[in-house]
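Only one chain is shown below, in structure tokens, and it's the form predicted alone.
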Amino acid sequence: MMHPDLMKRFDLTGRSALVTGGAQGIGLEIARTLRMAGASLTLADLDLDTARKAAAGVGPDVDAFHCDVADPQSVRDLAASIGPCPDILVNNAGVPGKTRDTSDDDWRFVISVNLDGVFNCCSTIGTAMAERGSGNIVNIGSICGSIVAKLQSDPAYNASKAGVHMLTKSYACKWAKSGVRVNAVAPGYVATKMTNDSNDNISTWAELTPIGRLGRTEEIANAVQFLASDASSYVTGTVLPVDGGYTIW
């Protein structure tokens, strides 16, 4: 049996968490994991109906709110609606890249959600954490923020995730002495609906991964829970790849 003192390092009881893009996929699994670790939970998503259904599935005391992370005012409205600043913020909301040539509109849309969205949430909620003197932010980046993965060379998506990684490091430095830690998880290829929609590439991605398979959503969520807990109390500004070894080739 695990020693109780060790378990406490991973325990989130008494802490509040906000997960953006928490209605499905990796975001929903992160929400489930943080709730199992004891955190009180709020989901924010562009699709409020789906978020409410997801929240009900996670637990009867889980709240759900609408938020368009690309809109700074929508993020400010969310912060006002949830009341006290959360202890943990997981910036998970994002959109996939395009398989076709990137148009002006494609570029602006992907950057506005994936990169501006993280900035908007950090600017509003992270600043409030820093003013309070405590907080923990985990951003969801991607291996595509550091490499151009085979069959996924979309410049907008890759640039947006590289930007997320640098925002993570910048805010970690900015708020390190304010009691706020900022880290990121960089998933590799994970079995989600979004990935399954690209099923022609799944066998190639699995072959290119040293472990030989796609990741599971709970494997990403476990890394987030570690970074959100006291077990990682001396970790800030880190981008943690959770990719089955994809980026070590």
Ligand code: NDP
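All residue numbers refer to positions in the sequence shown, first residue = 1. Keep in mind it's a predicted model, so treat the numbers as computed, not measured.
Just so you know, the form predicted in complex with the ligand exists too; it's not on screen, but the next bit is about it.
S.K.: If we take heavy atoms and a 4.5 Å cut-off, which stretch out of 141-149, 128-136, 172-180, 80-88 is in contact with the ligand in the predicted complex?
M.R.: Contact-bearing stretch, as computed: 141-149.
S.K.: Each of F10, T42 and E219 near the ligand in the predicted complex, meaning some heavy atom within 4.5 Å?
M.R.: No.
S.K.: Looking in the predicted complex, any heavy atom of D68 within 4.5 Å of the ligand?
M.R.: Close contact exists here: in the predicted complex, D68 approaches the ligand to within 4.5 Å, heavy atoms only.
S.K.: Taking any heavy atom pair closer than or equal to 4.5 Å as contact, tell me whether N92 reaches the ligand in the predicted complex.
M.R.: Taking the distances in the predicted complex, the answer for N92 is yes, it comes within 4.5 Å of the ligand.
S.K.: Give a yes or no for I26: in the predicted complex, does one of its heavy atoms lie within 4.5 Å of a heavy atom belonging to the ligand?
M.R.: I26: contacts the ligand in the predicted complex.
S.K.: Considering only heavy atoms, tell me if A37 and the ligand come within 4.5 Å of each other in the predicted complex.
M.R.: Taking the distances in the predicted complex, the answer for A37 is no, it never comes within 4.5 Å of the ligand.
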